[in-house]
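Shown here is one chain on its own, the form predicted alone, set out as structure tokens.
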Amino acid sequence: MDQSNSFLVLFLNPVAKYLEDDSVSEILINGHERVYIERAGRLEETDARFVSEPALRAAAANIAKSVGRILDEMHPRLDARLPDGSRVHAVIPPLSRIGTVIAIRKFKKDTLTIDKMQAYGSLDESMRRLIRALVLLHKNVIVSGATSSGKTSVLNALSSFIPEGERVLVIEDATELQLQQRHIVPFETRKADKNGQGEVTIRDLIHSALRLRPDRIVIGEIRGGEALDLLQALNTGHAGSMSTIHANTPLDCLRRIETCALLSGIDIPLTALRAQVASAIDAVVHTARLSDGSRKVVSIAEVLPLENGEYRVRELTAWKTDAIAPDGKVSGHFEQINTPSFAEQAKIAGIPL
């Protein structure tokens, strides 16, 4: 057992075997008597049990204490990153009506490369070439998708095409990205202490990043007002940057960025904001987890100029489902739909599409 696993097992012994099982990606504890795991994209109920609710509550409080956080009546929610990179979120009663609830998303030690994604059928060769062209042509790309659809893994794969020699500044709430380039400068946000002081947000780190001579800025996830700071950075010469966001479709991705930017507290006319979004984002890579648990890049779309003040996207390539077998297995194919508007630019640069 490695040190990071022993750290968790110390407090969560009833689920120790799942913490040590690399095939398990997530552990969901719904009170002391019910534990689920996610394996291969599917949820399974287990026979794991905690002795009592007070025992589970104490385990959660100890995890919080070990990473310098507090979990009690005054602080009933915990959001923490463990030493091995795994993420833990916990909610205690009375907010949770079924007892202490804990979700552990395990850190993947094995980086998902673009080659592995292609081998798993998450994308095909045409998508791979298109993604490579987007990165090499310094297009600004957002990876969108639902929770647990593989956005971070896809962002990792995208970043693998960033040429050596470029200075990449990475900003995350909790370190998950595993960029392989030599010139990486990683930053991580910091939550406020028990006195409400010392917080450092993604917005703060974007401001610092812009003064540290980045060739590209990679943000783990857009969640709030930092979207406006990112848009302004992308519209002022920091091309080739990328991030992720929760969204249901490529078009919805642009609307979500708009909504997040409105949370910045800065008064900006909606028409001007939409123009910034459409100008700053060049393409959206959309991911999804299908009904059989498989994760795929289901769409790559380029962002077009506004039309009558409304967003427009043009799908370049997409996944088409052909059939769903009785056992739930999904079969289908990737389809090229439109020629990219930057095809000539790629040709001149010698980048095959």
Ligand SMILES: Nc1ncnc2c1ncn2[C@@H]1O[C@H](COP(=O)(O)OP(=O)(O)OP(=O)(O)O)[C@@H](O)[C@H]1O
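From 1 onward, residues are counted along the sequence shown. Small disclaimer: the values here were computed from a predicted structure and weren't measured.
Just so you know, the form predicted together with the ligand exists too; it's not on screen, but the next bit is about it.
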item: Non-hydrogen atom within 4.5 angstroms of the ligand in the model of the complex for each of 167, 178 and 218; value: no
item: Option from 193 to 201, 275 to 283, 167 to 175, 145 to 153 whose residues, in the model of the complex, bring a heavy atom within 4.5 Å of the ligand; value: 145 to 153
item: Among the candidates 112, 80, 103, 158, the residue which, in the model of the complex, approaches the ligand to within 4.5 Å (heavy atoms); value: 112
item: Listed residue that, although the ligand is not shown, lies within 4.5 Å of it in the model of the complex (heavy atoms), from 234, 130, 206, 117; value: 117
item: Non-hydrogen atom contact residue 87 with the ligand in the model of the complex at 4.5 angstroms; value: yes
item: Interface membership of residue 108, the ligand in the model of the complex, 4.5 Å heavy atom rule; value: yes
item: Distance check, residue 336 to the ligand in the model of the complex, heavy atom within 4.5 Å; value: no
item: Residue 122 within 4.5 Å of the ligand in the model of the complex, heavy atoms; value: yes
item: Heavy atom within 4.5 Å of the ligand in the model of the complex - qualifying residues of 18 to 54; value: 25
